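Only one chain is given next, in structure tokens, and it is the form predicted alone.
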């Protein structure tokens, strides 16, 4: 079973699926779905279309340099069947897939590192700009008379024990 890659979005194409376009110079283009085929016919560049793998790699959203990608390459050299080699290859594929998943998770974690602080700052700024939606306009005009400020009081351990209610 041969799994092909879509020329436009780089997703896998399973046997019996997709569209194949052969140009006059005998170059074969395979597409996973009509969406990719139509974009190709409209002469769109996959590196500029946001949902493609090429765009994601170009803009640092997916991993580009990793040793696990070397194993995924297509090889056209036929190999003589050997049961031991096949068994070891299948075990290696599982290990490589596990390594790739952990590295992708690490890459995503590094990308999202500062995002929470940025989102929080944006939320605070949005709240300051549209405070009138949260508080009533009359309350804003009167000032802070309606809302009391929070006061922090330190309680020592001996006071807390002495003030307990006894039954």
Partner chain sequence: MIQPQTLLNVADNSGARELMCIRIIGAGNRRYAHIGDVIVAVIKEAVPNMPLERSEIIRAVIVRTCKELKRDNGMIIRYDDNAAVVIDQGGNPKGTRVFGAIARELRQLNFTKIVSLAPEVL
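Numbering follows the first chain given and starts at 1. Computed from a prediction, not measured in an experiment: that's the story for all the values here.
The same protein also has a form predicted together with the partner chain, omitted here; what follows describes it.
Enquirer: Is the partner chain close enough to 19, 37 and 41 in the model of the complex that each of the three has a heavy atom within 4.5 Å of it?
Expert: Affirmative, all three are within 4.5 Å.
Enquirer: Find out whether any non-hydrogen atom of residue 23 is located within 4.5 angstroms of the partner chain in the model of the complex, and reply yes or no.
Expert: So residue 23 counts as contacting the partner chain.
Enquirer: Even though the partner isn't displayed, in the model of the complex is residue 28 close enough to the partner chain, meaning a heavy atom within 4.5 Å?
Expert: Residue 28 belongs to the contact set for the partner chain.
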